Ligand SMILES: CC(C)(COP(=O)(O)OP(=O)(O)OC[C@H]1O[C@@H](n2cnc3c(N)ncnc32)[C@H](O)[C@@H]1OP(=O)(O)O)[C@@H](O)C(=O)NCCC(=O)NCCSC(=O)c1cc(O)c2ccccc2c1O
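Shown here is one chain on its own, the form predicted on its own, set out as structure tokens.
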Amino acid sequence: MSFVAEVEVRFRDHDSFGHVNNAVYATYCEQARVRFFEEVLGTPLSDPHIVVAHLELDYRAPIEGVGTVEVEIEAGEPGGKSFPIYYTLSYEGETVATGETVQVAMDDEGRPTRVPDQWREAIADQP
């Protein structure tokens, strides 16, 4: 499945070298993930029943200037208690980073639990 979110690059995202600080790329992924959870899975990411257990980013090119980063999300097949999300970040038509997070579903006591059927169905229904 593929979902695209546009994220604004702000002047404050830049470091002293004039390009977006590497840590901000993770924030761009987070902002896109929030929209994905709300618009595709029908769940606010503020729901305490979701945690990110793994984050990996590979940088390919710097982002210089302000504008918009396009974050493409592809959700992988859910396992028992978790599922991956793959990211491709593009700026001005160029891929600037790729990444992956692993989300874990949690129960009310803070223990990992089965990924909800609603999420499984939404992921399976996406083209």
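Since this is a predicted model, take the numbers as computed values, not measurements. Note that residue numbering follows the sequence shown and begins at 1.
FYI, the form predicted together with the ligand isn't displayed, but the following is about it.
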Ligand-site call, the ligand overlaid in the predicted bound form, backbone or C-beta contacts under 2.4 Å, 3+ atoms: blocked
Whether Leu57, Glu70 and Glu74 all lie within 4.5 angstroms of the ligand in the predicted bound form by heavy atom: no
Proximity of Glu64 to the ligand in the predicted bound form, heavy atoms at 4.5 Å: no
Partner contact for Thr98 in the predicted bound form: the ligand, 4.5 angstroms, heavy atom: no
4.5 Å heavy atom contact, Ser82 and the ligand in the predicted bound form: yes
Touches the ligand in the predicted bound form: Tyr91 (any heavy atom, 4.5 Å): no
Residues from 14-32 in contact with the ligand (non-hydrogen atom within 4.5 Å) in the predicted bound form: Glu30
